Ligand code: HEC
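Okay, so here's just one chain, in C-alpha cells, the form predicted on its own.
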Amino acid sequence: MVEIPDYLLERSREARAQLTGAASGNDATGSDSAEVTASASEPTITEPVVTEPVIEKIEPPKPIAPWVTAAQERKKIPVWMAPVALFLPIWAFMIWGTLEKPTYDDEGPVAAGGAVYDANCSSCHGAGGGGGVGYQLNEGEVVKTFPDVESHIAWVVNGSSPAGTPYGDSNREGGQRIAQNQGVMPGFAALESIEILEVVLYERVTHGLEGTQQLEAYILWAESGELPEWEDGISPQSISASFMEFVEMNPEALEAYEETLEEASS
C-alpha cells in the first residue's frame, strides 16, 4: 500500500477548501443578484380586489284589476266629438222648442177619442179644451165637474140640463156648473158606445190631466168591446152597473180597479 505524503493531502484540502468557498460565495452572490434582477425586471402585479356582485331584487309586477284593464281597453271618445258634445244641449233646446207635447197616446182608446173629440166637441169647447160656446174642459176643469167616469159618460150621452139648471158635482171647486142659455150641450146618443167611452177617456186624460193608470180598468173595458148600448136618458148608476159586471168577469180589469180604489183612499 502506498502512503500519500502529508503535503499532498494538505494541498488537496486547501484546494478543496478554496473550491468549496468559491462555490458558496458564487451561490450566495448569484442567488442575491438573481433575486434583485428578477425583482427589478418583473413588473409588480397587484392582485384584483374581488367584490361580490350586488344583485338587485326586482319585484314582480302586481296583477292589474279586471276593471282597470276594461277601462284601458274601452274605446275612447274621438277628439272630434268634443265640440259636438259641447253644442248638444243647445241643439236639444232648439229641437225641443219646435216640438209640441202630444195631447194623447198614439194608439188605443185615448187616441181614438181624440178623433171623436175633434169631430164632435172641439167646435164648442175649443180644439185645446179652452172653452168657447161651451165651458172650459182643460187644466183639470172637466174632472172637477165630473169626478167619476160614469157621470161623465151620462153627460155626453144625454147632453146638459136645460138652461139655468145646475149639473155635475155639487161640491165642485169654484162652484157647480150651470147650463147656459147659449151653451146648452146636445146629447150624443147617436154615437156608438165605444166612441162615447173613447171621447170621455180622451177628455179626462188630455184636458182633465188624469193619469191613464187611474183609468186602466175603463181602458180595458173599451178595448174589450163589451159595451152596452147607451141610449138617451141613461143614468150614471146604470153605466156603473154595466162596468162592474165587466170588471167581475175580467181579472186584469178587477186588479186595476182595486188599485185605483186603494190609491184614492190613501
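Treat the numbers as computed from the prediction; the structure is a model and nothing was measured. We number the residues from 1 along the sequence you see.
The form predicted together with this ligand exists for this protein as well; it is not shown, and the discussion that follows is about that form.
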- prompt: Looking in the model of the complex, any heavy atom of residue 197 within 4.5 Å of this ligand?
  reply: no
Contact test in the model of the complex: residue 108 vs this ligand, heavy atoms, 4.5 Å: no
query: Going by a heavy atom distance of 4.5 Å, is residue 86 a contact of this ligand in the model of the complex?
result: no
- request: Answer yes if any heavy atom of residue 180 is within 4.5 Å of a heavy atom of this ligand in the model of the complex; otherwise answer no.
  value: yes
field: Option from 233-241, 53-61, 217-225, 198-206 whose residues, in the model of the complex, bring a heavy atom within 4.5 Å of this ligand
entry: 198-206
Those residues of 109-148 which, in the model of the complex, come within 4.5 Å of this ligand by heavy atom: 120, 121, 123, 124, 125, 133, 134, 135, 136, 137, 141, 142, 145, 146
